[in-house]
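One chain is shown next in structure tokens, namely the form predicted on its own.
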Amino acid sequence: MATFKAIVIDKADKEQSVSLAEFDEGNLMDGDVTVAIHWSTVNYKDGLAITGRAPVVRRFPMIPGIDFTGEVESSSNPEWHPGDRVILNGWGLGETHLGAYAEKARVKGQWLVRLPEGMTPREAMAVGTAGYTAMLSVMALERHGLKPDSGPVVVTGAAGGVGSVAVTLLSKLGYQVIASTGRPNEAAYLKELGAIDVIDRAELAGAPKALSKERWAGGIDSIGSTTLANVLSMTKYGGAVAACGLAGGMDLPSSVAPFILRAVSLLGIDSVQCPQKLRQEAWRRLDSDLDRGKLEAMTTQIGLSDVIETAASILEGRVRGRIVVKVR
């Protein structure tokens, strides 16, 4: 049986190990589509999985990596044929199902989305799960009724993957974007992406008040915890905040005041089990609404051998924008 390169996480005596190794194709998991993986990316969740700082991985050994683009090699699923170019985000990839940091994957055809015709495989992974999540967040705010003339929109963790794409998308759609970051040296970068103002995350780090001065009509938050509580307390009457991350913690030290006194809505964003119709719409919108030049400007390329080191960097807040991984 053939082998291929893969990053493999294993565990023995409660100690996790991770290495770049040769993986036997015969050990791939069940699925009706086999894909030759060309590109992947590094998301915050990938960093947690590889470093073991959170229990992301649920079975061992595991190939991490929660998303990829590639080409169908073989398929018994009538929807997919050899040569089809596909995207996969979520569905337990890299958690319960062998993932993307490998030259090959076997998956369920129902998990796949067709690569948009106007997007290259590399661009799709420059977007990755982080950018796809940002698009889901924008769409949720739009469904709530938020419009560019509703008022400014705040984006937390703005220099990260979700934040960078969110700033770029919102700006192109005509919104006034306030970018919150803990890295003041990234202010010029964020303004190049379209932010009209950059604030220090310290402004959202204090003990939250039940209600604070109204500052924005909506927000996209990838931090959670105290940051999200402060964002909610500063949201204008009838506004909405899309919550899509927990880099700062899973708790929410807030009160009901924003919800019942200002009619603020908290919109939960899930990219893992997101219905297929919504996924397809998100990728269609990314194809049409994302500035390719700005996407390229925020993107760094690495190889498969660089992923393990990069995983630690993304958790330490030392990664700006998006990272694409050239797998093959």
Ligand code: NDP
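Note that residue numbering begins at 1 and tracks the sequence as displayed. Remember, it's a predicted structure, so these values are computed and weren't measured experimentally.
We do not show the form predicted together with the ligand, though everything after this point is about it.
Note on the partner interface in the model of the complex: the residue among M139, A257, A247, L252 having a heavy atom within 4.5 angstroms of the ligand is A247. For the residues R106, R85, R183, K236, the 4.5 Å heavy atom test against the ligand in the model of the complex is passed only by R183.
Taking the partner from elsewhere, G218 is found to have every heavy atom lying beyond 4.5 Å of the ligand in the model of the complex. Although the partner is absent here, T129 sits close enough that one of its heavy atoms falls within 4.5 Å of the ligand in the model of the complex. The shortest heavy atom separation between R201 and the ligand in the model of the complex is within 4.5 Å.
At the 4.5 Å threshold, heavy atoms of E296 stay clear of the ligand in the model of the complex, well away from it. Comparing 282-290, 258-266, 41-49, 26-34 against the ligand in the model of the complex, the single stretch with non-hydrogen atoms within 4.5 angstroms of it is 41-49. Counting a residue when any of its non-hydrogen atoms is within 4.5 Å of the ligand in the model of the complex, there are no hits in 76-109.
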